[in-house]
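Let's start with one chain on its own, the form predicted on its own, as structure tokens.
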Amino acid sequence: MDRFHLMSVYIAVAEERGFASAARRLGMSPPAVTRAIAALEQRLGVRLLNRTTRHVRTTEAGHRYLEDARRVLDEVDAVDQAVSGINAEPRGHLAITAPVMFGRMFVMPGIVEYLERYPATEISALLLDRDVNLLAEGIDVGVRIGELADSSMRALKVGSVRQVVCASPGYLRRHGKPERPRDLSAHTLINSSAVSDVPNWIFNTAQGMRNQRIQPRLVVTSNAAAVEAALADFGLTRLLSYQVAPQLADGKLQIVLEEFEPEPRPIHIVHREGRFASPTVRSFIDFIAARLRADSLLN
């Protein structure tokens, strides 16, 4: 059997975790799918899948092969699209990931505009406050905030955001403004575990970077909840500048300890590295990068 065909069948079985569902996805008969997997395992001389009456799971070798097979077929698709013409209108499906609030505020408007401009495209948006493994989860393009640890990805810097401590004017009138990081011990603090589970806020002091240990009275699991608590005059919170940009603009929140802020965090668009870039992936990256770079809140 054709090697690329066997890879496609294997990817479908591994992702669907079943032979019957993979057969439906591929428009093949279940026996044909079973024969393809058997032929692939025989060719490779290794078991790729563990099968039970209820479940199909990849072995350790099967998981590694799944990642490699996805990468190989992505390269083949990219070559085909490149040959079809760099000026061809974008078409097909893209999977995008971004942090939840950033995605809602800055990426989703761009996705909607892109889809309206290119009617032959479809997009799945995965908005999560964690770094998604693009290869393992089949994601084409990601937006990441902070220093990049994964050197296997191509990255394009499109802006930066600050880490700010802020509170409502009502809270600051009643309790005063902290003048130094150590003053935070006398204030009511709100900590978002979506930013960090560690009870330390980092500040840039004359002695260098300093971890200021905090004792929050309120810990929340979402940045939006931290914003709401601060708006209710409850206390000080630390968030990324874009997360409170509307509230800062209309004066509902105010920044304190600005001179002690750490270096801004970079914003990158990342995608899986390869010799060829799909015209659709290229066009989306160019489109969303232009939007983000033009936004004054991010630059």
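One-based numbering along the sequence shown. Everything numeric in this text was worked out from a predicted model, so none of it was measured. Take the two forms, superpose them, and find the largest set of C-alpha atoms that agree within 1.5 Å; that set is the rigid core.
Beyond the structure shown, there is the form predicted together with the DNA, which is absent from this document and is the topic of what follows.
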With the cut-off set at 4.5 Å between non-hydrogen atoms, does residue 246 touch the DNA in the predicted complex? no
Tell me, yes or no, whether residue 42 is in contact with the DNA in the predicted complex, where a contact means a heavy atom of each within 4.5 Å. no
Does the 4.5 Å heavy atom contact test between residue 34 and the DNA in the predicted complex come out positive? yes
Is residue 266 one of the residues lying within 4.5 Å of the DNA in the predicted complex, judged by heavy atom distances? no
Choose one stretch from 59 to 67, 251 to 259, 236 to 244, 34 to 42: the one whose residues place a heavy atom within 4.5 angstroms of the DNA in the predicted complex. 34 to 42
In the predicted complex: members of 41 to 62 within 4.5 Å of the DNA, any heavy atom: 51, 52, 53, 54, 56
Core-aligned, is the CA shift for residue 56 between this form and the one not shown 2 angstroms or more? yes
So, does residue 38 move by 2 Å or more at the CA between this form and the one not shown, with the core held fixed? yes
Core fit, then residue 20 C-alpha moves 2 Å or more between this form and the one not shown: yes
